[in-house]
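Quick heads-up: it's one chain on its own, the form predicted on its own, in structure tokens.
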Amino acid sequence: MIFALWLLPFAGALAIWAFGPQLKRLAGALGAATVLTSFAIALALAGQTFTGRGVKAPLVSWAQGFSFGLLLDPLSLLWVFVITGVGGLIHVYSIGYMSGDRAFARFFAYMNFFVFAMLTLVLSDNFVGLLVGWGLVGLASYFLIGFWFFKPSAVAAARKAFVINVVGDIGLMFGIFVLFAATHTTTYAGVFAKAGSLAPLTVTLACFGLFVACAAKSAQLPLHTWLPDAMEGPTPVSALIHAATMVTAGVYLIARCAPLWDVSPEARALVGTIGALTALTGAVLGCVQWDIKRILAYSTMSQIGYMIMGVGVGAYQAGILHFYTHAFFKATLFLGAGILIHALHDEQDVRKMGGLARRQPFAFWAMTVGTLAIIGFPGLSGFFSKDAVIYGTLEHGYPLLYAIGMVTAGITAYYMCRMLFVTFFGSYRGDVPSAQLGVAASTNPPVAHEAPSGHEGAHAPAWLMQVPVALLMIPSVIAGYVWFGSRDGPLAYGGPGSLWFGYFTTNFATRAEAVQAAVPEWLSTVLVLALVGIGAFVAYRRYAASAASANAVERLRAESLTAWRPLTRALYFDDAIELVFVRPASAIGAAFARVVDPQVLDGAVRDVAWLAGWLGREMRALQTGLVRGYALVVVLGVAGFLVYFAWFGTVR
């Protein structure tokens, strides 16, 4: 059954690619059905996963130390549930969202292919299969981000994401090469069994290479710049790739390789620090965004930073819990935003919204639930996971990262509530001229969810978009309660959390042991909630209070025009990459195009051709057809041999 779980989405992708024109609108149903069937198979296999060492299915073994197989254990099962469960709901949502798009079937072929690539990544039982899945995920994301290829910005975003992910692929290959050279195997079991006996430098180098891959795929500093630009893809792509699955691949890799990180304190400190700085940077940059999808993109960057920080310092259970809860509430936020974008004819600037709580009540409640979950409102899923990550840094001896996590929680509450208030409160501003709001003119052609005739196609039933969002809202509220089963104390009833989040203590015997924290957990929770409350209150006073709503247009224009330039330029990360890498590479390429290619490469070919022609002409002059001429050549040749042997014979 594990083979069916793995291959069904790929079979769906092939069928849609081959018969898309014939399937037409059934392509969406086929794509959703294959992914949801994989989810059902995962549910059926869940019981076997927690017995022994999980469900194993060997496939190929071609040399000693090289093999490929599938492994479904508690860690991969959690990712499979999210990939196929949340992914299946996003497929259903996409049937409504993409209705009328002229490339409807192609979209679902790409989506199914992406799900297959993610399943390959998380189900592999070795580093070679992981590398294959890693590369396929990058390719699938390139297809999906650039799906609307008639938009120059989408093409540029797809290219940028692909190039940065290839940088990560190189890091992953480097890490795998280091591990294979030291252990002579590529299987997880073989490498992890020898982790404790490896030289510290070897482990540190391997972890560094693996983390480069994590940073690229999971949008960590400084390889994060592709993520906001990737919002050029359709909204369901943002929900699937950049909220629930692809960007969490780095979290999975670190968690899977926990035995390596546990014997390298330097690697743990590096990963935890980068994760914390990414969480803070993403939150700060989210405060100045106006595009609703870019706001959610920077929040994704920030929340993934929390996860990386958690698994980096050794709080694996907390980091994975945050992945689990984040998948639900971030998908809810993206899909809720998609409902607004669809209803407002592809408008994404929140300054052109306002007052939508009355016009779009379902989207309002969906995004309210998602916002409350992401800021850590008590009782919702994000409350448990974010608190666990923040306190986990303190428990594992990183007080500075703990402080950064707390500050980031307050900033997150501010910019997420800002988005909610500007979008849904006050009066509708869609008819206000853009110049009055400080909105820059768009250089992109409008995105057309349209039929080939060029006229807008018939809208799909609203429930196709609303039901998946409603289903995702439920775990956005309750998913955090599985954490109780993984903690010691009166709430440790042995529930699902003890199965999933206790996986590391029972299988890996991690060495990143917790220490006695200086602050009790209840006090830490109170302090975090206080900062969250302050951030939400400041956002309410600035954007939702009656005084602010009365002059909303003037306030938004003033804020747009006076925003601190380093923040609006995303702290110049793109500019630095342009200056350090892109321009030198372009200059070298231009030099090769102007000089090396025409003068050296092409010139060498031309010179060889000329030389051959010249030699032919000269030799042709010797072919006179006269016997005395040939006799003269023979005499001269014999004379040359005699002189040669006479001279060299005398010298010796």
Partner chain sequence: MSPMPVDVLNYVLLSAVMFFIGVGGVILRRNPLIVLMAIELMFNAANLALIAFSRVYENNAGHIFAFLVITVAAAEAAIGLAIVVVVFRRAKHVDVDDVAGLHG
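Basically, rigid core = biggest C-alpha set you can superpose within 1.5 Å across the two forms. Numbering follows the first chain given and starts at 1. Just so it is clear, the structure is predicted and the values come from calculations on it, not from any experiment.
The form predicted together with its partner chain exists for this protein as well; it is not shown, and the discussion that follows is about that form.
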So in the predicted complex, does Leu626 come within 4.5 Å of its partner chain, heavy atom to heavy atom?
yes
Residue-level question: is Ala631 within 4.5 Å of its partner chain in the predicted complex, judged on heavy atoms?
yes
Residue-level question: is Val635 within 4.5 Å of its partner chain in the predicted complex, judged on heavy atoms?
yes
With both forms fit on the core, has Lys24 moved 2 Å or more by CA between the shown form and the other one?
no
Leu622 C-alpha moves between the shown form and the other one by 2 Å or more, core aligned:
no
